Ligand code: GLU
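Shown next as structure tokens: one chain only, the form predicted on its own.
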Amino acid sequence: MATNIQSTLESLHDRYRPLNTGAVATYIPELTKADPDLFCIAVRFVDGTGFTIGDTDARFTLQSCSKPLILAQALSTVGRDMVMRLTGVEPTGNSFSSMVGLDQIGKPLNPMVNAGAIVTASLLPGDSPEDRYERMRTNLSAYLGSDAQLDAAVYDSELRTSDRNRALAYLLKSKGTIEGDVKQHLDLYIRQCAISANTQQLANAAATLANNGVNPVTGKRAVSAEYIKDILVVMLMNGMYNYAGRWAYEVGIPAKSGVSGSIFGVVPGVMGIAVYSPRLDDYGNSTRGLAVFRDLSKRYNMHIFDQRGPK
């Protein structure tokens, strides 16, 4: 696979660059400023070799792509029993910010929707808000392979427009699902979403999960191998918003998307893949990103249930 991956990425970039369906996210005002024509594909193999094509310098905020990585930190902090007591693994069938059923059930169905991600953020340790943020930022840096930085403009924009997430957080507080200072937990969640990265760094994060928790570029462990299965299962079942079922059927690898236009996917034991392009479909997934992943999965037999295995 590695012998011809660069030519494959160049071919895919040429094929899907003209695809201009979808639109940039608008519910966070700062995200409306993204250039809709930006497009980058990156691959990182577990042996550390990497390939990329397109707008390699383009930066974006992780948004929901941070959720599996923060789930990993929560698992490492309080263990899977506590995490599973406070949130589950079931698909919701609703939008990522939906409140449907939350009042009756009392906890989010999975950690990839906003309510579930607020719960996992609430579990992160620290002696103060800044200490908690610094620990979270350091952990995300271990996945990205370099120092993670906050995009202050996106953070401020998201903080101003997070009324729905505030409602989710206070409802969770009223149910006893989260404890402590709701404002601090919500602020930490917004900060994790506003961490900035480029496509190569996101591919590093995907490759870290593919490599049993060790970043193949730095050689540093980001998460215990004990929790990799938990993270990848949740990503496969819930990582692509309401499109998760079709994604599992068509592409068939653990993945997560974010409304900045990024998608990262994990081929366990082989590689991580990341695509960035800000035009989104109605579900909130990058349209070019979906096309690239569908093509790659079919071309290289990446689907986890394809018994031929990756080629």
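Start at 1 with the first residue shown and count on from there. This is a predicted model, so every value here is computed, not measured.
Omitted here: the form predicted together with the named molecule. The next part is about that form.
Here the chain stands alone, but in the predicted complex its contact with the named molecule, taken as any heavy atom within 4.5 Å, falls in 62 to 70 among 242 to 250, 33 to 41, 48 to 56, 62 to 70.
At a distance of at most 4.5 angstroms from the named molecule in the predicted complex, all three residues 158, 165 and 259 contribute at least one non-hydrogen atom. Residue contact with the named molecule in the predicted complex: residue 193 places a heavy atom within 4.5 Å of it. Using a 4.5 angstroms threshold between heavy atoms, residue 28 counts as touching the named molecule in the predicted complex.
At the 4.5 Å threshold, heavy atoms of residue 76 stay clear of the named molecule in the predicted complex, well away from it. For residue 114, a non-hydrogen atom is located within 4.5 Å of the named molecule in the predicted complex, even though that partner is not displayed.
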